[in-house]
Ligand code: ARG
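Have a look below at one chain only, the form predicted alone, in structure tokens format.
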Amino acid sequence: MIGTKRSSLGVWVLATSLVAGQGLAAQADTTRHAQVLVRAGRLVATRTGTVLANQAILIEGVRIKEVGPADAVAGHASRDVRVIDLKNATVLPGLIDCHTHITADPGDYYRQLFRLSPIDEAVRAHIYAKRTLDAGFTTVRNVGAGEFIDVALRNAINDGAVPGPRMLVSTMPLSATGGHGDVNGMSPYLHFEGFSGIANGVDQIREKIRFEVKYGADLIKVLASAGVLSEEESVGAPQYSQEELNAIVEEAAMWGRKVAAHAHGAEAIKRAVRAGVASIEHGSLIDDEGIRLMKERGTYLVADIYNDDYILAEYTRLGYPQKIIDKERLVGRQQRENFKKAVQAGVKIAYGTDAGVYPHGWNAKQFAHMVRWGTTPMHAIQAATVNAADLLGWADRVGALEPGKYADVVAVQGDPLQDVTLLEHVAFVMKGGEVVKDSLTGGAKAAR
């Protein structure tokens, strides 16, 4: 077993080494300047929910130094400042996806289950990270990955070895035996080796959380209910008791971690909210009492209301069992209708897509669905910026174009407040002051 682990680690190190040169080239500016000045025709001020004209962002290193009227900010720049002209574009802070599975992509169900190993996932994960970054998502919360692959990917990105978004990772979701995170529907003589998030009872749960935190978890993900893309019978039945959920939140808090709760069913949602989780993921079958509790306690709803389209269109072709397709048909429309109820009731909304259930890089397709099901374009953008940053505990780092925050900047041509689908075609991406994608400008100028 030790040899297998060492072999897996070796493959991952080799994989990251092979792509390191390419990744660094993709992220590097051709010339390094002490300051960068981004001129913005329109700037979305996400905290106030307003759009400001003729603005500029002055950047030093990886952070924003100043934001304001273009001429005034330019007057405070150094003589050799690098100027990026986005005067014909709408500029926003880097987008945030609070629910990704960035180490995997949709594929043939049985091939992925029986033929591919965690090593296969590891050597491909950097591809999905780059697609996510290129789509304008400069920060993600990854809520489920096997074998600590998400930890390794996060660390490689932080080290500059591969390009990708800033990541907070949960490692393996906590699951009850026979629950949504337990491979089931198969012979009891069939075993899958490797790390697992399966834990039952308060003592096992506390031990598992400590194990995950020790090896790199930034947050804890719990599967509080049944789910769709697994072979247990229910979509939303509770799979942890109130006592167990209380212990999860308490133990995570002792280690300075928040808890994200996968919960489709009404009772599981209410148990998780009462326990004090930071967010409810999916929230498909939430009832009026659950909505009231979430609003009272300030619990975020992270509802993946795009991916129903992809699952119903593609998952039969990908060989998923019919019971899974039937569960999605049962839950998809209800999830969207209940999302609308939650929005109207004033529940806090953070943007999360479940990317990995559908292809990475398509993260922005959800904006249009959010607008169709109750939000304004500005509220949808805020869900993916200031609200998401608040949920992550990173409001001092990301989510708005303000002094002191990371210089994570994206831009689109046109006005996304009039046509939110423009966010599906981000043409400029900067992460930490470095341009990683640019099809808007003809190249940066070296002086004012």
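Each residue number is its position in the shown sequence, starting from 1. No experiment lies behind these values; they were computed from the predicted model shown.
Another form, the form predicted together with the named molecule, is not on view; read the next lines as being about it.
- Residues Asp288, Ile291 and Val347 are none of them found to lie within 4.5 Å of the named molecule in the predicted bound form, as judged by heavy atom distances.
- The named molecule in the predicted bound form comes within 4.5 Å of no heavy atom belonging to Gly144.
- The named molecule is not shown here, but in the predicted bound form it comes within 4.5 Å of a heavy atom of Val228.
- When contacts are judged by a 4.5 Å heavy atom cut-off, Val331 counts as touching the named molecule in the predicted bound form.
- Taking non-hydrogen atoms only, Asp354 approaches the named molecule to within 4.5 angstroms in the predicted bound form.
- Here the chain stands alone, but in the predicted bound form its contact with the named molecule, taken as any heavy atom within 4.5 Å, falls in 306-314 among 90-98, 200-208, 306-314, 245-253.
- Checking His126, Arg82, His180, Lys258 against the named molecule in the predicted bound form, a heavy atom within 4.5 Å turns up for just one residue: His180.
- Residues of 247-280 lying near the named molecule in the predicted bound form, listed in sequence order, are His262, His264, the criterion being any heavy atom within 4.5 Å.
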